[in-house]
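Read the single chain below, which is given as structure tokens and is the form predicted alone.
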Amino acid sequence: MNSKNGTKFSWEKIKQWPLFLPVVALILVMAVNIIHDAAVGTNPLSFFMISLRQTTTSGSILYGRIVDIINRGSEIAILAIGMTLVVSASAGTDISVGSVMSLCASFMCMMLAGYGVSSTTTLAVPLVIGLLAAIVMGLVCGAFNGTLVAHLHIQPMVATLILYSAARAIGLLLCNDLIVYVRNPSFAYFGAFTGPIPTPIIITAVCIIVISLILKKTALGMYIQSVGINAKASRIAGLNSKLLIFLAYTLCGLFAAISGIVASSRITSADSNNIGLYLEMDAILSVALGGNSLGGGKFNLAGSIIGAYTIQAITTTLYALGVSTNQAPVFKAIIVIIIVVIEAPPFKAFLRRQAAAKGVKA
């Protein structure tokens, strides 16, 4: 009897763990990969294997499917940081992050190559100027969205729809309707390798560590959550809710810029039409999959990061299963529906009623 009650208590405690949903989702994706590898006659443990491979351009580098997932998921993870803050503070999503990524990358490459230049190996301005240009552009875009939401009280999805539609077009104008190639080793570094480790992984780790320290060592995280739970009550308590929402969107723009730098550095170019395409959906899904409520309030940054890499693992798995690039968003949409249903209060209430009914019968 005691053993049964103890087991039940432990299971209930596990289910209430904030990272329960993202960890279970990640385990399920790994299981699908293991089953697929076994079915095609590949070593089932190949998904977890990491090795050092010698290359002609980068020397010895880490190689493996997990490394590839963490590397390729860097942009989503960086975007998920900003999206988590936006969702928590405003109970809304920033659907412009993918387009802002593209705009920041285009502005940076235009600065580095020079206006009207389609391809170059030499930089027109120092690299740091190009990087700062991208970051400033991201901050401006974030501040624009933040002003519309915080000060003009426009619904977040409607407010960010403006840059979702316009940012890529602005990027094309900056690049004179060209794909600007910057084939310079110093620029390519941000999408290449630092020793054997992919540089995007290091950049993502730095972003996560810095924002985590800020949220933990200051009251910013608590203030953002308070505003998201009840903006009016927070204002009465002395918090500047408008400033906090504005700051959340500005930070989201900053992380979109950093993600754009990584994405453009990978391909050493600014492809305005394709950089960040559909990544706003992945970022939102990462937050939801991370166990965070899209209704704002309390958030778990670790959950969003796990969710981001889970999304990338799902994408990689879909491609491995033969799903085309055009079909992959359909499967992601199905996952969104499932998560929304699981997180819906009526569904949770239904599960509680079922659990209570089973307890009465027992």
Partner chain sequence: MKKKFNSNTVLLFITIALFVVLYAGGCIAYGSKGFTHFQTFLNILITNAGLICVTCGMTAVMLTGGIDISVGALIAMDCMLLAVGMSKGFGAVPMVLVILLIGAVFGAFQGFLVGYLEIQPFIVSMAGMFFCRGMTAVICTDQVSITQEINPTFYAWANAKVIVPFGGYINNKGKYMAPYVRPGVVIAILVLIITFIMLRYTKFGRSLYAVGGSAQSAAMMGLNVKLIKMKAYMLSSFLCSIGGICYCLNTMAGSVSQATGLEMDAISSAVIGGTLLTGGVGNVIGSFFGVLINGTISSIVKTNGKLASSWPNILTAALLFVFIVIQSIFAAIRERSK
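For clarity, a rigid core is taken as the largest C-alpha set superposing within 1.5 Å between two forms. Positions refer to the first chain, counted from 1. Since this is a predicted model, take the numbers as computed values, not measurements.
One more form of this protein should be noted, the form predicted in complex with the partner chain, which is absent from this view; the next part is about it.
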* For the chain shown here without its partner, which stretch in 236-244, 192-200, 273-281, 219-227 has non-hydrogen atoms within 4.5 angstroms of the partner chain in the model of the complex? -> 273-281
* **Candidate spot S60, I209 and S212, all three touching the partner chain in the model of the complex (heavy atom, 4.5 Å)** => no
* Wondering, does L161 line up within 4.5 Å of the partner chain in the model of the complex on heavy atoms? -> yes
* **is_contact(S51, the partner chain) in the model of the complex, heavy atom dist at most 4.5 Å** => no
* **Contact flag, L294 vs the partner chain in the model of the complex, heavy atom cut 4.5 Å** => yes
* Asked: N326 near the partner chain in the model of the complex, any heavy atom under 4.5 Å?
  -> yes
* Of A39, V330, L28, L45, which residue is found within 4.5 angstroms of the partner chain in the model of the complex when only non-hydrogen atoms are counted? -> V330
* Asked: Of the residues L178, M110, I95, L254, which one places a heavy atom within 4.5 Å of the partner chain in the model of the complex?
  -> I95
* Structure fact -> Looking in the model of the complex, the residues of 130-162 with a heavy atom no more than 4.5 Å from the partner chain, listed in order, are F144, L148, L152, I154, Q155, M157, V158, A159, L161, I162
* Aligning on the rigid core, do we see the C-alpha of L351 shift 2 angstroms or more between this form and the one not shown? -> yes
